[in-house]
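To begin, one chain is listed below as structure tokens, in the form predicted alone.
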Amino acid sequence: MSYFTFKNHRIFFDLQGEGQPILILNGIMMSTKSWDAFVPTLKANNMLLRVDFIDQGQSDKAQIEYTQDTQAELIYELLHTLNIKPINIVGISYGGEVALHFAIKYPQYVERLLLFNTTAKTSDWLLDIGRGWIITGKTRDPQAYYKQTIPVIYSPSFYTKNLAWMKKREVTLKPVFSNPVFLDAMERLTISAETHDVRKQLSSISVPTIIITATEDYLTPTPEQLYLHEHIKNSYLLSLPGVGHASMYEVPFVFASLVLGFVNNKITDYNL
């Protein structure tokens, strides 16, 4: 187990494998453990770096107020500590938003960007959904918190097809959603995303970027990714039909294929 210190917080990270480096950034309710099933594939021919943000997983719970820009500074300190530069960054949702902050501020550290279910700004729609999570979390009712947060991250078709699995997941998550430490951390993470807005800075990103949208993502719907594509030069937009916000779980084979193909592809548009 590896840690480094950022603003007096112990931050957990995991580094495995050799080759082109990949940094994978968690969604808001995720941790490094959320990627365990992907690790054997992603580290087979690449260096894979995972990290828990402040208030996530095995990292310390927050002793300071913070934003997603703070989490981007955390990434800078981690890469500086490990002497890794540049790196390919994969981010989903909250992690994709942190990746945008980082790429804007530290372009010299970024080789390529792969953004899943990511937005340039926390919309009023998403803001109120997040505040609904906070209100429900304060009830300390694990079933209510599950019903408020989990079904909406999956596509209706996936949820219905895998209903037995979802019911088992509800049982598994009940102890987590009963934990006030977790719920308070989720509240702070949610608040940290409320001020996210990098629309005016998107044009400064020039590294090759793939933006993934999912047609049944009701948290960060397709127009959000279209906006990113229209304002990030050298970007490509791909759509996953019938997939929801948790795209890496609904289509894990496609997710891993996109990551490895984009990172390791030596062909570029200008050298065919």
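Remember, it's a predicted structure, so these values are computed and weren't measured experimentally. Numbers for residues come from their place in the sequence shown, where the first is 1.
One more form of this protein should be noted, the form predicted together with another copy of the chain, which is absent from this view; the next part is about it.
Q: Leu79, Leu173 and Asn179: each with a heavy atom within 4.5 Å of another copy of the chain in the model of the complex?
A: Checking in the model of the complex: none of Leu79, Leu173 and Asn179 is within 4.5 Å of another copy of the chain.
Q: Just one of 68-76, 156-164, 92-100, 190-198 has residues with a heavy atom within 4.5 Å of another copy of the chain in the model of the complex, so point it out.
A: Contact criterion met by 156-164 only.
Q: Answer yes if any heavy atom of Tyr236 is within 4.5 Å of a heavy atom of another copy of the chain in the model of the complex; otherwise answer no.
A: Flag for Tyr236 set to yes.
Q: Even though the partner isn't displayed, in the model of the complex is Gly17 close enough to another copy of the chain, meaning a heavy atom within 4.5 Å?
A: The answer is no: Gly17 has no heavy atom within 4.5 Å of another copy of the chain.
Q: Check Asn265 for me: does it contact another copy of the chain in the model of the complex (non-hydrogen atoms, 4.5 angstroms)?
A: Close contact exists here: in the model of the complex, Asn265 approaches another copy of the chain to within 4.5 Å, heavy atoms only.
Q: Would Ile11 show up as a contact with another copy of the chain in the model of the complex if we use heavy atoms at 4.5 Å?
A: Contact with another copy of the chain, no.
Q: Taking another copy of the chain in the model of the complex, which residues along 184-200 bring a heavy atom to within 4.5 Å of it?
A: Nothing in this stretch is in contact.
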